[in-house]
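The chain below stands alone and is given as structure tokens, in the form predicted on its own.
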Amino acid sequence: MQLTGNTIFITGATSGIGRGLAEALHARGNKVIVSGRRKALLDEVTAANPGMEAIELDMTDPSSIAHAAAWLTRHHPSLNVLINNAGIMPFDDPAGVIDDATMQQTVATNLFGPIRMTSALMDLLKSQPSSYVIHNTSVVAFMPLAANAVYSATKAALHSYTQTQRFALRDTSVKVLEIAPPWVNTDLIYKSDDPRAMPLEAYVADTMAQLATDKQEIYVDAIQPLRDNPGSNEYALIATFNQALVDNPIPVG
């Protein structure tokens, strides 16, 4: 992917990985438009990055997505990169009662949102000589967390969707990439500075370097063993992984 001269729209870019990528791409001279639900945070990001633009967007609301797509098409007709980054990661317990409202919000944000956003911008992206859809999934798409079961399921589903969308667009100008972060030290759950979490700056630098190549899947070397499907032994690996987190849990505040 060429990392200069693009017009890029990033969802969920007021903090964490989204903001990190937005600022790194902005620094390369791209036109970057960020989105989020809270205007105050969007104003903070754009004030810190002169020339960057922002639009309020609720990824759970189809009308908000349609409004954003229409605004982008009207004001940024050269848009050629969509990064679906917005996501939420609530805790849940698949051995107990799952709160229905939280479940629906998670699925709407993490799965329906990227599908709807991409669909709403597809005609514009196809009209460009070269364009990209980049879905931000997660290492848990390959190695689900029992304490974040619905979140993990949405990321696995988005990984699947990415694969089929890439195939469906194979004869067009649109390329489909997947970013699958490891545990990164952001406020997605709680910014704990846990040594097991990859520093955000290091993660963004690694991702930017890989985006500059022709890779279709972007993930750090450390998660390669988790990306390599263990096949029929999958459950044993998942159980071992989750037991390690039970024995040494992720701090949540």
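In this text, residue numbers run from 1 along the sequence as written. What you are looking at is a predicted structure, and each value in this text was computed from that prediction instead of being measured.
FYI, the form predicted in complex with a small molecule isn't displayed, but the following is about it.
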Notebook entry, point to check: Tell me, which of D58, E53, E44, E217 has a heavy atom within 4.5 angstroms of the small molecule in the predicted bound form?
Noted result: D58
Item checked: Position in contact with the small molecule when the complex is considered in the predicted bound form, options A69, L188, L211, V204, heavy atoms within 4.5 Å -> L188
Check: When you measure heavy atoms, are S15, N136 and K155 every one within 4.5 angstroms of the small molecule in the predicted bound form?
Finding: yes
Next item on the list: Answer yes if any heavy atom of V184 is within 4.5 Å of a heavy atom of the small molecule in the predicted bound form; otherwise answer no.
Entry: yes
Item checked: Touches the small molecule in the predicted bound form: T109 (any heavy atom, 4.5 Å) -> yes
Item checked: R37, heavy atom within 4.5 angstroms of the small molecule in the predicted bound form -> yes
Check: Would A86 count as touching the small molecule in the predicted bound form under a 4.5 Å heavy atom rule?
Finding: yes
Notebook entry, point to check: Want to guess which of 58 to 66, 44 to 52, 222 to 230, 23 to 31 is within 4.5 Å of the small molecule in the predicted bound form, heavy atoms only?
Noted result: 58 to 66
